[in-house]
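One chain is shown next in structure tokens, namely the form predicted alone.
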């Protein structure tokens, strides 16, 4: 099986490329420097994005700066929606597309975990642009797969656990929002899920691909704290005490049962993932 990975140098992309190679699949990693998917001509002329040269294209490329998107919406739309349109036009008769989306397509008012059939209603520019990409895919391709994930963290880029560990090291009290809930998801687990989806050649559709555990940001911070060497104090605060440019869904928990029932269940516990994650990060910080 031949797999093209777009956004291959990002937080998820790096883990995905590594795991694809480990599983013995032929991988073609492309960074934004190798292929700028905003460039319609570059996408159209890319020979790798053809049925002859690839079985799958996995799109991990995205504009993920949630708050910055409120300040530069055009950039977010260009990458998360219009670039996806370019891909769809190229892949109409090409390899299958697996696209990564987000829990931010929901408004967080349901009060229980979202399923794939629930109505979308994004509250911020980031969520709106990601939903725009989903709409292009659904309208233009016959057999795509969309994986919505949430609260993604990995060792390769910015993430909540890494931010917490750095704040803990300062020794001051750390204040964390306690009235937003979601499902933390490890890039390693998500990458394994993606490879499983490719190997099983799942039927087209939207699937929720997130960790099994749901919690608030404060509960997530407590778990990080308890698995690290930190001694600082944690303080729970309401969202109103930590205003941000982008409005976030209050409760974006998602159910991954549809994906599990399809035979894809690589999800370890958040605590198990954090033990591995924190050990690596603390070693890195001590170098």
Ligand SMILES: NC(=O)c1ccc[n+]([C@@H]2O[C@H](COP(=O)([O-])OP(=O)(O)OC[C@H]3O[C@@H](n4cnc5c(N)ncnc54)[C@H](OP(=O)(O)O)[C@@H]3O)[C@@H](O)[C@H]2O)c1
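Residue numbers count along the first chain shown, from 1. Since the model is a prediction, treat every value here as computed from it, not as a measurement.
Although it is not shown, the form predicted together with the ligand is what the next lines describe.
Check: the ligand isn't shown here, but in the model of the complex which of 257, 219, 70, 36 has a heavy atom within 4.5 Å of it?
Finding: When the ligand is considered in the model of the complex, the option within 4.5 Å is 36.
Next item on the list: Identify which of 214, 192, 149, 128 has a heavy atom within 4.5 Å of the ligand in the model of the complex; exactly one of them does.
Entry: Answer to the contact question: 149.
Check: Okay, which stretch from 133-141, 167-175, 195-203, 98-106 lines the ligand in the model of the complex, with non-hydrogen atoms inside 4.5 Å?
Finding: Of the options given, it is 98-106.
Next item on the list: Report yes if any heavy atom of residue 61 sits within 4.5 Å of a heavy atom of the ligand in the model of the complex; otherwise report no.
Entry: Yes, residue 61 is a contact residue.
Next item on the list: Considering only heavy atoms, tell me if residue 9 and the ligand come within 4.5 Å of each other in the model of the complex.
Entry: Close contact exists here: in the model of the complex, residue 9 approaches the ligand to within 4.5 Å, heavy atoms only.
Check: Is residue 32 close enough to the ligand in the model of the complex to count, meaning some heavy atom within 4.5 Å?
Finding: Close contact exists here: in the model of the complex, residue 32 approaches the ligand to within 4.5 Å, heavy atoms only.
Margin query: Would you classify residue 79 as touching the ligand in the model of the complex, given a 4.5 Å non-hydrogen atom cut-off?
Written below: Yes, residue 79 sits close enough to the ligand in the model of the complex that at least one of its heavy atoms falls within 4.5 Å.
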